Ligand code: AR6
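Below you'll find only one chain, the form predicted alone, shown as structure tokens.
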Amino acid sequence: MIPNAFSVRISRPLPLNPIGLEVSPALKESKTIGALLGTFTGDALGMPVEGFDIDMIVSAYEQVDTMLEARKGRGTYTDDTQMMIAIAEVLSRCGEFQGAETARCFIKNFDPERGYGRGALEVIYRLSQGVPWNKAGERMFGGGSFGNGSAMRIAPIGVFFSANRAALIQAAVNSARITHTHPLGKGGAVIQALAISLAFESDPDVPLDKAAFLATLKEHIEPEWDAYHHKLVHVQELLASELDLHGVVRLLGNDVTCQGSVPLAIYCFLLHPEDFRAAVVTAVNMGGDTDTIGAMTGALSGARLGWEAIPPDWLNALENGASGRDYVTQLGRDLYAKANN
């Protein structure tokens, strides 16, 4: 049995971030659903070409902009979305981040056919054997994992704690610790969660201040996460340049590490902050860890624009079994309700 763990409670909200405007409750519910369904959609779009490089994608498909058949069928999700669902379930049920309960949900929801990496498989096994939630990831890869698994699943924390930045950071760090104890693994989760919160608090009818968005993220980078500062500087430069996809990947990366994928997802979102389809298509066609980069970009775009911005042809193609599209949609509603009750 996994012991009880430290938890983060929602405390008095901080002032609304300076790049956002007040938005209606109905829109905030849509944005909450959008962050979750956006993760799911980007994950499903990118999964069939995971591991392809840019040239392989061009050669095989010219451009990936429709849901392709994959190992579990068209429109299916990977471990990215399955772990995101677990975090959303805990927050919507408990109203707080609970490490032990999240670990239980990771075990309960675990489906080995969803493409879990070796490190995640080992951590889930340790958790199932009773290793405490905040100890199971400590011995991974010597100094702890800095893979992007900590950031790919973070969307529920980004929207749930959007008005309380201190609680958001603490919850993001603790959620990462279950599987990722390396500073860069925890830092990637924090930066992605903060980016989602900024997108969530922004008014989609007002042009996004990209410079302020990036400045806010850089202000929260700890010294041991400094690799992200350099990457976010590159993001700002790239937004003003005309580099092709290869050039963007050379500067930002497209791999399975947090530092090699979180900045790229933020870039793809900021390149097309008013267009869900364009942002996610750009992300997936960057190659590399396409499902996770697509999932993180989709979370950002959905958090800004709401679920209605997701293209209907993509939305309708998503798997819809017991924990599929309708379940995730309702989970988003429950998450919003719990955050505002």
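Throughout, we count residues from 1 along the sequence that is shown. What you see is a predicted model, and the numbers here were worked out from it, not measured in a lab.
The protein also exists as the form predicted together with the named molecule; that form is not presented, and the subsequent description refers to it.
A.B. asks: Could you work out which of E50, D275, D65, E29 is the residue within 4.5 angstroms of the named molecule in the model of the complex, going by heavy atoms?
C.D. replies: The residue in contact is E50.
A.B. asks: I need to confirm a contact call. Of Y228, F213, F146, Y267, which residue comes within 4.5 Å of the named molecule in the model of the complex, counting heavy atoms only?
C.D. replies: In short, F146.
A.B. asks: Is there a heavy atom of N174 lying 4.5 Å or less from a heavy atom of the named molecule in the model of the complex?
C.D. replies: Looking in the model of the complex, residue contacts with the named molecule do not include N174, since no heavy atom lies within 4.5 Å.
A.B. asks: Residue-level contact is defined here as any heavy atom of the residue lying within 4.5 Å of the named molecule in the model of the complex; does G95 satisfy this criterion?
C.D. replies: No, G95 is distant from the partner.
A.B. asks: Quick one: is S301 in contact with the named molecule in the model of the complex, heavy atoms, 4.5 Å cut-off?
C.D. replies: Result no; S301 lies far from the named molecule in the model of the complex.
A.B. asks: Is there any non-hydrogen atom of G117 lying within 4.5 Å of the named molecule in the model of the complex?
C.D. replies: Output for G117 is yes: heavy atoms within 4.5 Å of the named molecule.
A.B. asks: Please pick out the stretch from 66-74, 307-315, 32-40, 291-299 that is in contact with the named molecule in the model of the complex, where contact means heavy atoms within 4.5 Å.
C.D. replies: Single hit among the candidates: 291-299.
A.B. asks: Out of 313-340, which residues reach within 4.5 Å of the named molecule in the model of the complex, heavy atoms considered?
C.D. replies: Counting only heavy atoms within 4.5 Å of the named molecule in the model of the complex, no residue of 313-340 makes contact.
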